[in-house]
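One chain follows as structure tokens, the form predicted alone.
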Amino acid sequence: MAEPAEDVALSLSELFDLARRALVLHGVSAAHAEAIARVITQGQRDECHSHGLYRLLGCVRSVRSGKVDPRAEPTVRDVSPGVLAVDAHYGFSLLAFETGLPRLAEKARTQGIAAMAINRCFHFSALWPEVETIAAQGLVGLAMNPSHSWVAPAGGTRGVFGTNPIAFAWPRAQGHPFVFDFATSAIARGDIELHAREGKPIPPHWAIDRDGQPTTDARAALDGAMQTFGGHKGSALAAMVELLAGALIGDLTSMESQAFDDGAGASPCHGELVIAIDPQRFLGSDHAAGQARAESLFDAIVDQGARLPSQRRFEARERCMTR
């Protein structure tokens, strides 16, 4: 029997450099490699292991599939005063997001609200790094995207939706922003993959097998279909994401993304919708009052012992940063 592998401790800078070098070694341009390594490092830092260093394997697999252009240079197009589109040219999404963000923020501050469509991108990461980046500029952020059709609609047995995450960030004057990022599936696909790799069972509400029956076998789940969270409510939100971040922006739905992959095993190829809102522009002289209302809401949540979303992640971040 093989001896268990020893744990290896890396600093955040070492982790970033490892991810960057691995990507460059596999033909990814320096600009893409750095954008991807930044988000992978953030995931590992916040103990989001299914979106941390583990995602490096999927990135390399996507490049090897021949589907991704690892050296694509995103281009930005103004659509209207409040809308822009970034064409990723079949590269990874993160560099496209970074390329379009300054123009999105500028439009939001001018118009009050602005939308950015990222088209023809391969997406593998969590969305919270993106909306947190928007919130760091004092803007409210909202992002969503489809993926592959791994998720059955409520009452169905076959995949139609992607995991279809929705992320939101509200900037706060002190401390971390109010952030949530959740899949409209019962769990992220990566969590089931990790359970399968480790031979661990999954809760029966996460997925169904090929026969449409609830399963605790992670591998059977990967061969079957995932479930939406909250039954018909999660199913409706998943459909909304398909419409807003697929049909509305002229990009692939999750079923089309799955067909485009054609068994290559790459990250999902589709679009992403990002919205930025400027509270200062909306509220004007009432901005302080609006922020005070938000803080009263947050206080009412935590004062009764409840936790704000992302609190565990922020606590993990603090632990990491003080080691």
Ligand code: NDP
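In this text, residue numbers run from 1 along the sequence as written. Small disclaimer: the values here were computed from a predicted structure and weren't measured.
The same protein also exists as the form predicted in complex with the ligand; that form is not shown, yet it is the one meant from here on.
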Review point. Is residue 179 close to the ligand in the predicted bound form, meaning a heavy atom pair under 4.5 Å apart or at it?
Key: yes
Review point. Do residue 308 and the ligand come within 4.5 Å of each other in the predicted bound form, heavy atoms counted?
Key: yes
**Study point:** the ligand contact at residue 235 in the predicted bound form, heavy atom, 4.5 Å
**Key:** no
Exercise for review: Give a yes or no for residue 20: in the predicted bound form, does one of its heavy atoms lie within 4.5 Å of a heavy atom belonging to the ligand?
Suggested key: no
Review point. Would 145, 183 and 312 all count as contacting the ligand in the predicted bound form, using a 4.5 Å heavy atom cut-off?
Key: yes
Study note, to complete from the structure: in the predicted bound form, the residue from 249, 187, 104, 218 with a non-hydrogen atom within 4.5 Å of the ligand is 187
Check your understanding: Of the options 88, 245, 169, 127, which one has a non-hydrogen atom that comes within 4.5 Å of the ligand in the predicted bound form?
Key -> 127
Review point. Which among 67 to 75, 107 to 115, 127 to 135, 208 to 216 is in contact with the ligand in the predicted bound form, heavy atoms within 4.5 angstroms?
Key: 127 to 135
